[in-house]
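A lone chain, given as structure tokens: the form predicted alone.
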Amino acid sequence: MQSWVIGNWKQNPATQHAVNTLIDELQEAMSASLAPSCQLMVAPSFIHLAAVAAQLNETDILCGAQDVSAHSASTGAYTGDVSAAQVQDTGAHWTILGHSERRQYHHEDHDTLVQKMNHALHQGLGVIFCIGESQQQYDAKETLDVLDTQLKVIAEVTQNLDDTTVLSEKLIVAYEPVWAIGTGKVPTVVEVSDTHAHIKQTLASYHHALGSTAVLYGGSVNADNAPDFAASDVVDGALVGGASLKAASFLAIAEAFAATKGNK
């Protein structure tokens, strides 16, 4: 069974020199035992995307973007936006969509995310689609209802695709409780496993081809708790924030998933 460990660098590091150092450290410390049981990916900021994609070309680490434009899949008069075609041209092959920070700070809604996912898929990019509930929604026991609403983006995209098998090969879902991102608060493995099982069932209800979609956990994942999450049969990897900015901690998380999933 293959797992995924993806580093979302967000607005880090600040300089190209620091980026180069991090990539070099990852490549030097990366163990051959990771492949093929754990696939690594990093998602740098747009300013560093092309350089990172070039550095990782012909390595075992994939490169993804952190977003794509909703307005156009290719070009247009959209100042500050980066299209899916431009991302693909850098050599990156995936993009993160629906992250809670984009939903919060940029007010991305259902229709916006449908457009972004359609653009990404039509340009051949894979999509890491993020979903998750707030602290208030978690406390009110509304988690599954919130996730069902957010997953309707995938349902709509699926209905409009001529070939749904494309989506089954190009989709990863990342469950990130908003209240756990960067806070040090972490739900229990039982809670996460129950939520992941629900997500998988919901995806399969859209189309049987989506039944094998990888579902990752994100939210204060670190080297200490990664083995616990890796032990769950329904946690297929991790979307990692701060811990991905240090080669040692990022690779320790990957090793935890490789060791567990590689034996199944």
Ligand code: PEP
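Values in this document were obtained by computation on a predicted structure and should not be read as measured data. Position 1 is the first residue in the sequence shown; the rest follow in order.
Although not depicted, the form predicted in complex with the named molecule is the subject of the following passage.
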Work out which of the listed stretches, 65-73, 204-212, 45-53, 234-242, brings a heavy atom within 4.5 angstroms of the named molecule in the predicted bound form. 234-242
Given that the partner is absent here, does G182 sit within 4.5 Å of the named molecule in the predicted bound form, heavy atoms only? yes
When the contact criterion is heavy atoms within 4.5 Å, does S220 count as touching the named molecule in the predicted bound form? yes
Just to confirm, E133 within 4.5 Å of the named molecule in the predicted bound form by heavy atoms? no
With the partner left out of view, is E101 within 4.5 angstroms of the named molecule in the predicted bound form by any non-hydrogen atom? yes
Using a 4.5 Å heavy atom cutoff, which residues in 133-156 contact the named molecule in the predicted bound form? It's fine if the answer is none. none
